[in-house]
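What follows is one chain in structure tokens, specifically the form predicted alone.
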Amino acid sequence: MLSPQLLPKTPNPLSSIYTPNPFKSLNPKTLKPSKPNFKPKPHNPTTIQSVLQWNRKPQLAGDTPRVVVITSGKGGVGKTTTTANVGLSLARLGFSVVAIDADVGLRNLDLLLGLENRVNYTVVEVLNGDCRLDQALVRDKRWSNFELLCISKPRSKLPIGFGGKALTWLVDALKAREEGSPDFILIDCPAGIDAGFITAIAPANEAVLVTTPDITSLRDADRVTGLLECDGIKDIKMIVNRVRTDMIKGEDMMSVLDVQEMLGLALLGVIPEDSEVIRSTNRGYPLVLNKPPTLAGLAFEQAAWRLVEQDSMQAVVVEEEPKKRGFFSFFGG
């Protein structure tokens, strides 16, 4: 008979089936299981770095404050929704943001943010000397580093001299504030390419072009791109909104890669079609604040992340899965 010391150390085949009595490892005084007598293996540092990549704060690129105009040319493509969600995403990342609603007659940014009842003064009162600039700024209660500034109230008339120079003076006044200039100044541009568009892009150094994958929106986006470049704005990025992969697979909608090839712009984000957008608009609660977040809200957060670091993404081709061929397919069925 062999001694126990000479037996080979082989794993017990019944260990995966039979488990010992768990109450034997309990301490009768504390009734807690004793600590296991092993040391965990160290993790690979590269794995930890890849997992925690999105848990770090993005590095702000460029000179501050960064004045970004969000435009499209065509109305109804999601400029105001993009301004509200990207602005609050930047505030959640720890950056100070001032969002300016440059749409004079059709002001909607305060509705999407749920701040319509708190807008008492606008830029018109500031220019007339009726209030100070800090009184016209509406601070969000959810994120104190996000502020809203409206040009005028609905059904009110702007001064004749209001234009690009007045908006540039307003941006310079925000830069020279006593409490410090904001990191980002987002300008919600009105639809069209008339005087409102020219006024909104006057103080901007960057532009985010919002478009949808349809012919009419792409034609207007191409026209707006040329106007932005003529005005001296070279840093132009694109957000493709309301993308439906099922229609792309069925060749009923242009893919994001086709849109990027047609416009020739860097891609900042792709926002999928989401029914939650209508609910969040009616409630005055942006998508990025939803818990759990929706796919469109996550896409807006990633677009804000790329905007901070002046990064872009690469579009990919969405291919249709090959259909399963049955027996009758050989006969044309």
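The numbering used is simple: start at 1 and walk along the sequence shown. What you see is a predicted model; the values in this text were computed from it and never measured.
The same protein also exists as the form predicted together with a small molecule; that form is not shown, yet it is the one meant from here on.
Colleague: Tell me the stretch among 116-124, 251-259, 131-139, 79-87 that has any heavy atom within 4.5 angstroms of the small molecule in the predicted complex.
Modeller: Contact criterion met by 79-87 only.
Colleague: In the predicted complex, does residue 288 have a heavy atom within 4.5 Å of the small molecule?
Modeller: No, residue 288 sits far enough from the small molecule in the predicted complex that none of its heavy atoms falls within 4.5 Å.
Colleague: Whether residue 265 contacts the small molecule in the predicted complex should be assessed with a 4.5 Å heavy atom distance threshold; does it?
Modeller: Outside the cut-off, so no.
Colleague: Though only this chain appears here, would residue 241 touch the small molecule in the predicted complex if you measure heavy atom gaps against 4.5 Å?
Modeller: Taking the distances in the predicted complex, the answer for residue 241 is yes, it comes within 4.5 Å of the small molecule.
Colleague: Using 4.5 Å between non-hydrogen atoms, is residue 60 touching the small molecule in the predicted complex?
Modeller: Contact check for residue 60: no, nothing within 4.5 Å of the small molecule in the predicted complex.
Colleague: May I ask you to choose, among 94, 105, 163, 75, the residue with a heavy atom within 4.5 Å of the small molecule in the predicted complex?
Modeller: Selected residue: 75.
Colleague: Check each of 236, 218, 191, 174 and return the one that places a heavy atom within 4.5 angstroms of the small molecule in the predicted complex.
Modeller: Contact residue from the list: 191.
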